[in-house]
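Let's start with one chain on its own, the form predicted on its own, as structure tokens.
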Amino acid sequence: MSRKVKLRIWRGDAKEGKLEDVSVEANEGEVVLDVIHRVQGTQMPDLAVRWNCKAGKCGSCSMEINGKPRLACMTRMNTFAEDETITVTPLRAFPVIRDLVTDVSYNYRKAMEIPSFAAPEDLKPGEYRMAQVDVERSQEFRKCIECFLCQDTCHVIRDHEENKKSFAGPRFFIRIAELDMHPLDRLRNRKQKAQEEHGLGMCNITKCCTEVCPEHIKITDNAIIPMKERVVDVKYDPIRWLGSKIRKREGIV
């Protein structure tokens, strides 16, 4: 069973663009990406759209659907009213390349600024051992598919271009949190660096990032807030503050 649906798709590039209306068939069980592909195949052959797995695991088809950051391959057509016009636009927080494709390289630059896992010097690969409870603590954060919907909806990035230089964003706060929780990681100042170098203090925990995460990662409650609390402990507890100064002076991280 099929029905006609109305789409309003943003067309353009970094210089200019506009919303264009189109009517297209939608079949039972289809998702927004299916319908966009039908538009691409029948009416707009030059429509640019990024996608890959069509299974909600690659994060490629991130876009804004009726103003909300979503994965097009996981947004079912039957969630919209039959007479509703579905507006599809590119991620607003990042520069448009063409049509629905944006330049998300900002996120990869931020990823390169975070030091990788620092392995214990006295252990070889394959000799690492950790308790199951420690594995489970950070397992949630490894579910991230890097769709960057959390980055797009974060108002610190979305509404303030000037913040991108000093703010890593929620995707990378969960990366730092994961490494900070790792019992074998040798770098012990990750949370302080999150505050001092990656803009953790700029987050005011509105939880908008958690709301759009397709993997249902509790970004705010399980990563950002606990890190903020630990930073405050170190910064304002006089004994811990003194200890951190001594370790820093002696070159212990």
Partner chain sequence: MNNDIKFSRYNFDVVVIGAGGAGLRAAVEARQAGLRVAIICKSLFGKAHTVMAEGGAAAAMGNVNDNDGWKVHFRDTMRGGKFLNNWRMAELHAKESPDRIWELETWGALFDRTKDGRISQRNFGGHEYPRLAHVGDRTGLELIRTMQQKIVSMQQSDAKEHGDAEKYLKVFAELTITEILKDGEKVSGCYGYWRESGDEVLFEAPAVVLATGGIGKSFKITSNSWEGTGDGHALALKAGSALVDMEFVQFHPTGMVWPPSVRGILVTESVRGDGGVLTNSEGKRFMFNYIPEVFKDKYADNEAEADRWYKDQENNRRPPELLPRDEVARAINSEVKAGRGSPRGGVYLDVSKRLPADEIKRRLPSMWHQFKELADVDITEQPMEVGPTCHYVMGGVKVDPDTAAAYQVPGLFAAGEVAGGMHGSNRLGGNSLSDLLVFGRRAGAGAAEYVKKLASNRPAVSDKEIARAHSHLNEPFTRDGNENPYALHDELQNVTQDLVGIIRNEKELSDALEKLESIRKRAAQVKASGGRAFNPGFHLALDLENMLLVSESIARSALARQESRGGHTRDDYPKMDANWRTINHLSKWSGKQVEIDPAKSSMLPTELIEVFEMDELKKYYTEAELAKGGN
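Numbering follows the first chain given and starts at 1. Note that the coordinates shown come from a computational prediction; the quantities given were computed from them, not determined experimentally.
If you look for the form predicted in complex with the partner chain, you will not find it shown, but the lines that follow are about it.
Item to check | Exercise: residue 131 in contact with the partner chain in the predicted complex, heavy atom 4.5 Å | outcome: Taking the distances in the predicted complex, the answer for residue 131 is yes, it comes within 4.5 Å of the partner chain.
task: Would you check, heavy atoms only and a 4.5 Å threshold, whether residue 214 touches the partner chain in the predicted complex?
output: Yes, residue 214 sits close enough to the partner chain in the predicted complex that at least one of its heavy atoms falls within 4.5 Å.
At 4.5 Å between heavy atoms, is residue 138 in contact with the partner chain in the predicted complex? Contact check for residue 138: yes, within 4.5 Å of the partner chain in the predicted complex.
### Message
My question is simply whether residue 81 lines the interface with the partner chain in the predicted complex - judged by any non-hydrogen atom within 4.5 Å.
### Response
Residue 81 lies outside the contact set for the partner chain.
>> Residues 93, 164 and 177 are flagged as a possible site; in the predicted complex, is every one of them within 4.5 Å of the partner chain by some non-hydrogen atom?
In response: Judged in the predicted complex, none of 93, 164 and 177 sits within 4.5 Å of the partner chain.
Where, within 47-63, is there a heavy atom within 4.5 Å of the partner chain in the predicted complex? Residue list please.
Stretch hits, in order: 47, 48, 49, 50, 51, 52, 53, 54, 55, 57, 58, 59, 60.
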